[in-house]
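Only one chain is included here, represented as structure tokens and corresponding to the form predicted alone.
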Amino acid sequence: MRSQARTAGFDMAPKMRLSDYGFFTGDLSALHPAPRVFAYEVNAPLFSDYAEKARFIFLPEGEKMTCNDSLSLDFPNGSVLIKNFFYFHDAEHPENGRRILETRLLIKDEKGWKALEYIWNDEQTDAVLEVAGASFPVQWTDVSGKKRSIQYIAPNLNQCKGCHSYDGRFIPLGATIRQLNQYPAAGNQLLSWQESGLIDLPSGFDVSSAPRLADYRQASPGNIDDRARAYLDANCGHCHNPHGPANTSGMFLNITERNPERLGVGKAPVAAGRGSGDRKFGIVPGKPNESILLYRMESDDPGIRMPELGRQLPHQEGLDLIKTWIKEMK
């Protein structure tokens, strides 16, 4: 298999097949990373209709990531963020295999970031470039043993721009210290990358005091606010922030927002239309069922649901978390 990703002179021109990049060795569906390709995890993942994700970063030979003042990562030209979406056939028994559906690439060049979308074939031997997106049926068994099915939708490239926007610039999501600063029990990937010469962290950087999003999937006493804010930041805050596509809403759900009204507490919608569900405020403390936020998260109507893109199914675990958060809010 050709492995252009192993060379310093990485060719950033779009390839017709995922295998043409050489990001993975051997059986492509096994996703064994080639040299200069390494896996990463985020603390608070984006919900995508219960799809699992396998995330990787490619760095050109001799290059490394750096950390800027906003605690986001800066990547050298030629870097690629690689995200593979898949479902286990049976989530209770991952050893029974999986079906990879799509691989999204974000490639950094001198002009900035660009997105490419690859759809996997039924044989799971390769994925082909598809700029217009795709839709196809998917079935799987979830962790409770329930059989699930959806018409899975892979986005087109224009839809990618709808979420990956900061003041009109295309940016990656999740490439922040808050998302990548893992809890000590998991082994801190930032420190591991520094030891491997993959990243330059600021002098005196301390992972124990650096920002860290809570893992909203892990319940523990007293951390409902941390978990709820992490969930909203990961699933809503990339649009609902002063620099994002939903900045005109006046409802900002990014983790750094601390003004209750700007967060939506007691705030009437700017122009929700039927998306308000006849509710008057974004968040009504103690009353989740009167809160527009929860109403739109619960909906599967394309004209009402939030987020607008990237999901069709309501995220029951996320709904339970936000419902409890609003209920306990004073």
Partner chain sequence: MLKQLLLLPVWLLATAILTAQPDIEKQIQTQLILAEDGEVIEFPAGKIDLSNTLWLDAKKNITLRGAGQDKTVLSFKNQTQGAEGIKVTNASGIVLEHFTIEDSKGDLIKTQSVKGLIFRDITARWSGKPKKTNGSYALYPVQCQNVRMERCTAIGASDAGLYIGQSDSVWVTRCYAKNNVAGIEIENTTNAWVYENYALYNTGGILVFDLPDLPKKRGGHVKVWKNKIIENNYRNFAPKGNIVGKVPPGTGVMILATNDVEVFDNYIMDNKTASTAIVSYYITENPVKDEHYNPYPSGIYIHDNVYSEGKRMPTWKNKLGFLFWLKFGRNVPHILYDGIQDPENPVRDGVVLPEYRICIRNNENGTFANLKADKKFKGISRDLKPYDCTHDSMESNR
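Numbering follows the first chain given and starts at 1. If you're wondering where the values come from, they're calculated on a predicted model, not measured in any experiment.
Although it is not shown, the form predicted in complex with its partner chain is what the next lines describe.
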In contact with its partner chain in the model of the complex (heavy atoms, 4.5 Å), from 198-206, 211-219, 86-94, 166-174, is stretch 166-174
Would you mind picking the one in G26, P35, G286, G303 that has a heavy atom within 4.5 Å of its partner chain in the model of the complex? G303
Heavy atom within 4.5 Å of its partner chain in the model of the complex - residue from A54, C67, L46, V265: V265
With the partner left out here, if you bring back its partner chain in the model of the complex, are L129, I153 and E308 all within 4.5 Å of it by some heavy atom? yes
Tell me, yes or no, whether F281 is in contact with its partner chain in the model of the complex, where a contact means a heavy atom of each within 4.5 Å. yes
For K15, is any heavy atom within 4.5 Å of its partner chain in the model of the complex, or not? yes
I'd like to check something about V270: if you look in the model of the complex, is any of its heavy atoms closer than or equal to 4.5 Å to a heavy atom of its partner chain? yes
Determine whether any heavy atom of R104 comes within 4.5 Å of a heavy atom of its partner chain in the model of the complex, and answer yes or no. no
Since the partner is left out here, which residues of 224-258 would have a heavy atom within 4.5 Å of its partner chain in the model of the complex? P245, N247, T248, S249, G250
